[in-house]
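Before any questions on how it binds or moves, here is one chain, the form predicted alone, in structure tokens.
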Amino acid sequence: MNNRELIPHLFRTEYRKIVSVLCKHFGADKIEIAEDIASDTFLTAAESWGQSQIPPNPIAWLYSVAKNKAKSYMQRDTLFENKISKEILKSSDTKSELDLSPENITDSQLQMMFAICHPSISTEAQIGLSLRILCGFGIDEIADAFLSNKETINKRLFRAKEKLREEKVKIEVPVASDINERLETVLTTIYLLFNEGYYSESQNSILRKDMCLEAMRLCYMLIENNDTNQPSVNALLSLMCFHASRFEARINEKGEPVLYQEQDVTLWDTELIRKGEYFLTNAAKGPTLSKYHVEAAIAYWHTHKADTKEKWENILQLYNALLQIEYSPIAALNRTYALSKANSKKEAIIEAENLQLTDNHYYYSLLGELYTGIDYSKAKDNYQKALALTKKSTEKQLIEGKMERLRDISNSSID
């Protein structure tokens, strides 16, 4: 790997580690200073390595430079000298030397995760900070992921950091009595982070996949820690493994979305499916059934390509359970599709229309599919309503493809 490739690679893998350790060392109120030191470390690497050979151990070189820059900051910062250093000296657990050992790096990232996923910060900001600090994404990449611009993202992250300072959020894993409540917020952020990648409108397929893999990595960090290795965490990782296993099959060579029933099974990642099964088994060890358990089980059945009645009956029952745990209109809508496969389209149409989700394009798209083969006029009308409501280009492509198939069915029946 040459210099041009190595530094971006190390930035993605090591930036988050350096920032997390620095934040733990300085405190959450100095996130921007931690980011500056980490960024300056990579700038120094780019300048130094461009003029001479890459060092034998680039990671150790980066850590050494980061330590020196942290020392320089502490020496020249009058606030640190006059106010903070006295407090640090009082604590026998705190060392002035920056600890970049593997153990402290892992602990710092885990603690930083809980700090970033603090309830006082908006969901979008939690995801943005996670991408930036925990995943090492650049501002341009985050803007691309959110279909936004650098200025908006920078403002969002700045406000989130200000909130951390105002709330005096500590960088630590919560005590046992608070862990369940805080862990739920962390899992929600990871879940939404994965969805940002999995359902992203970004045409950058590498970025989309990286976001999903980073969400899975963060979840795995929770599993590696005894205090956070809980059934719901295993269930979420299982869910993400099952979804990620079909990542390559969801988009064709032209970048167009591929419907589930038309996906090439040979593109499914069997290793990820096996991992999903493993974590789902681990998730069954606890007494509580979370929404992640049920969604993982639904995703598990979707890794079975065979279009059998047994499969859809199981999925239908799982949706019934999911709606009892946490009702959502989209889950209710998805349930009606499973109902159409397990029982009949006519029964599903009645339940779907009772939902009256008239401001949702998925509602009309599903009705269009349910009416296909039953009433051509109603199917066409619903697809047109769906097309008018959707703003995403990928969704428009899917609906247009369904309308084209509807016309083909209609023409063949006339012939």
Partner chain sequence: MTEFLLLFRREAAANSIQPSPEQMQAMTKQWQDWIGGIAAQNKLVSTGKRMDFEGKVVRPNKTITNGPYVEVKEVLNGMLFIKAVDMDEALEIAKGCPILQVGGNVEVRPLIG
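Residue numbers count along the first chain shown, from 1. Here the structure is a predicted model, which means the values were calculated and not measured.
Same protein, other form: the form predicted together with its partner chain, not shown, and the subject of what follows.
Residues with any non-hydrogen atom within 4.5 angstroms of its partner chain in the predicted complex fall in just one of 60-68, 42-50, 378-386, 354-362: 354-362.
Listed residues 107, 167, 277, 313 were compared with its partner chain in the predicted complex; 313 is the one with a heavy atom within 4.5 Å.
In terms of contact with its partner chain in the predicted complex, the residue from 343, 195, 188, 303 that brings a heavy atom within 4.5 Å is 343. Using a 4.5 angstroms threshold between heavy atoms, residue 324 counts as touching its partner chain in the predicted complex. Its partner chain is not shown here, but in the predicted complex it comes within 4.5 Å of a heavy atom of residue 332. Proximity of residue 281 to its partner chain in the predicted complex: non-hydrogen atoms within 4.5 Å are absent; the residue sits far from the partner. At the 4.5 Å threshold, heavy atoms of residue 320 reach its partner chain in the predicted complex.
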